[in-house]
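The chain below stands alone and is given in structure tokens; this is the form predicted on its own.
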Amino acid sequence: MENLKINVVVDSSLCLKNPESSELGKKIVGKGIEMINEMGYESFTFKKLGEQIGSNESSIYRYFESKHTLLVYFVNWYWSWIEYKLVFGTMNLNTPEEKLNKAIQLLVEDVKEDNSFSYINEVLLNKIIISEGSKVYYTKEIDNENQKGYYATYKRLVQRISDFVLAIQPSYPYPHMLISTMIEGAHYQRYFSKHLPSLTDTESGEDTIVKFYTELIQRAIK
């Protein structure tokens, strides 16, 4: 995959200026990921980010109108990247069962850094999605932001995998609930495994979270 030119497309309406269009924009994204992962979303500010990248706070506002829209951008970039991996990883698979199992693996397994993007650390971004991503959705403006398309990438990804479920079992009544529960639940399990291990059943050297959700989904749609 490293030899392919990957183009992760994020809706232009999510930012005031495409951060990929300049070195400053890439610094904002790259250092923003590092800082939110290190200090948390609440403590993160554009002023602190500006100090770290050697730029005025006002220059960051030319790209993003608030730290909320920056987090929305991160979430959309992440799901666009995952969607690319899903399409690429399933294109040569022949059966919906194979495609569904591959999708579960891609969405649930530990994330590894993708060297195709020098300015984005996908491992740190995954940690942000797990610990901070829900703050994109739990907002009073969610309905308005949904109409603006803030969550379109995530919804499209869930639909893709739901289609695999329906290809296996057309009469299954809850495909979207099943897949979104898997994604969010896997995030909880990854977080618990690092901080509250008594709430999960992980084992050293074995990805039991992938095994659990593979078995759970297969049993659900039988």
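Bear in mind the structure is a predicted one, so any value in this text is a computation, not a measurement. Numbers follow the displayed sequence, beginning with 1.
Another form, the form predicted in complex with another copy of the chain, is not on view; read the next lines as being about it.
K.L.:
Where, among 25 to 33, 46 to 54, 59 to 67, 175 to 183, do residues come within 4.5 Å of another copy of the chain in the predicted complex by heavy atom distance?
P.N.:
So the stretch in question is 175 to 183.
K.L.:
Which residue among 105, 115, 146, 95 has a heavy atom within 4.5 angstroms of another copy of the chain in the predicted complex?
P.N.:
Exactly one residue meets the criterion: 146.
K.L.:
Should residue 84 be classed as touching another copy of the chain in the predicted complex when contacts are defined as heavy atoms within 4.5 Å?
P.N.:
No - in the predicted complex, heavy atoms of residue 84 and another copy of the chain never come within 4.5 Å of each other.
K.L.:
Would you check, heavy atoms only and a 4.5 Å threshold, whether residue 198 touches another copy of the chain in the predicted complex?
P.N.:
Yes, residue 198 lies within 4.5 Å of another copy of the chain in the predicted complex.
K.L.:
Hey, in the predicted complex, does residue 119 get a heavy atom within 4.5 angstroms of another copy of the chain?
P.N.:
Although another copy of the chain is absent here, residue 119 would stay clear of it in the predicted complex, with no heavy atoms inside 4.5 Å.
K.L.:
Please run the contact check for residue 8 against another copy of the chain in the predicted complex: heavy atoms, 4.5 angstroms, yes or no?
P.N.:
Looking in the predicted complex, residue contacts with another copy of the chain do not include residue 8, since no heavy atom lies within 4.5 Å.
K.L.:
Check each residue of 76 to 91 against another copy of the chain in the predicted complex and list those with a heavy atom within 4.5 Å, in sequence order.
P.N.:
Stretch hits: zero.
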